[in-house]
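The chain below stands alone and is given in structure tokens; this is the form predicted alone.
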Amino acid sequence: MIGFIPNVGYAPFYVAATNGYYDEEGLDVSFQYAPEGDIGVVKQLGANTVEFGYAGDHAVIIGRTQDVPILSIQRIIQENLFGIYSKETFGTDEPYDLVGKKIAISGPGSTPATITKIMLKKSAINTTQVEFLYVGGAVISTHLTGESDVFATYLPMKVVAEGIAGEQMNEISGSEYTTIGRTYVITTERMINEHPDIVRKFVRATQKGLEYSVEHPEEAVDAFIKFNPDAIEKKQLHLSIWKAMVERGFDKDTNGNPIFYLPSEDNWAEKQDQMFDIGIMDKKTPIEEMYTDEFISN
């Protein structure tokens, strides 16, 4: 189960399917999409209608506080790719520049909203000093038409906005303020307890797909197009998006090779504390219930 609709950001899974990595493990994998995004993924896992999901740490933490028995088992996009963007003429380069400004965001419970509120709090800015415009999927158009001063969203949307506007966007990177925004394969406690062999096979095949996607961006986009044929009309845009995600989403070692981290190598306590401090949830969950390295490390 993946959020929303087919997206080039899901390339590791499409590559794992296209290159036969799931078949090699004896797995018959199909993709479904949750209109509610990450939260929809968590709901479907909680209802045991799917075996695996792809979502961000934000959704994992909220799911656990609502007693949904899920765990992150594999880190996919290694870094936070969310930020606050604007046309250069708006001159917003740091959080204090947002005071008195209108911020376009998809929705109040979204990851961009969470990260924006954390950025403001860490900069000693009260949320009453800005105006949030919750505009659904119209974050780009709301900004480009001048209805908002900035828009808070995921890096791919910045790439799209730059293509439409024909100019570079200013960026206040969320990664400087929080690690929230990284993404994971998640599954249920039931799958881990009853079918650990299937979990291990799925993780192993997906890891192959992830590594191949990072090393071969053109082929990653081709795999995405196989699952979304209409995307061929904007192939270069999708390639630009995936290349931007790879460039910003993965650390490199001294030889320039991407580094793939374990779920435990995130500061889950800090993430949860930040979300609790801005009032997104009213209780906390034991950190050990949020992830396991059992499958990616074997």
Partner chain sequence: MNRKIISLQVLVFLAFIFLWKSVIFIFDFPEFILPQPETIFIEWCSMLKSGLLLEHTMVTLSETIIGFVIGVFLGIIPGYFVAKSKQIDQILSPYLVALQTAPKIALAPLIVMWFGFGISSKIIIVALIVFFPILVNTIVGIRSVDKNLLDLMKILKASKLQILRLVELPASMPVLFAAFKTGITLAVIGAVVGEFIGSNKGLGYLTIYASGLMDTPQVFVAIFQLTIIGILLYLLIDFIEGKTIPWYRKGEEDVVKTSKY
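Everything numeric in this text was worked out from a predicted model, so none of it was measured. Residue numbers count along the first chain shown, from 1.
Form predicted together with its partner chain: not shown, discussed below.
- Site check V199, V203 and K252: each within 4.5 Å of its partner chain in the predicted complex by heavy atom: No.
- Item | One residue of G91, G163, P108, G146 in contact with its partner chain, assessed in the predicted complex (non-hydrogen atom, 4.5 angstroms) | Exactly one listed residue reaches within 4.5 Å, namely P108.
- Query: From the list E265, E233, D67, E270, which entry has a heavy atom within 4.5 Å of its partner chain in the predicted complex?
  - Reply: Looking at E265, E233, D67, E270 one by one, just D67 meets the 4.5 Å heavy-atom criterion.
- Query: Can you say which of 164 to 172, 127 to 135, 181 to 189, 73 to 81 gets within 4.5 Å of its partner chain in the predicted complex, counting heavy atoms only?
  - Reply: Going by heavy atoms within 4.5 Å, the stretch is 127 to 135.
- Message: I287 versus its partner chain, in the predicted complex: is there a non-hydrogen atom within 4.5 Å?
- Response: Result no; I287 lies far from its partner chain in the predicted complex.
- Does G37 reach its partner chain in the predicted complex, with heavy atoms at most 4.5 Å apart? Answer no; every heavy atom of G37 is more than 4.5 Å from its partner chain in the predicted complex.
- Query: Going by a heavy atom distance of 4.5 Å, is G63 a contact of its partner chain in the predicted complex?
  - Reply: Within the cut-off, so yes.
- With a 4.5 Å heavy atom cut-off, would you call I259 a contact of its partner chain in the predicted complex? Residue-level check for I259: no, no contact with its partner chain.
- Task: Pull the contact list for 21 to 56: residues with a heavy atom within 4.5 Å of its partner chain in the predicted complex, in sequence order.
- Result: Counting only heavy atoms within 4.5 Å of its partner chain in the predicted complex, the contacting residues of 21 to 56 are E36, I39, V42, K43, G46, A47.
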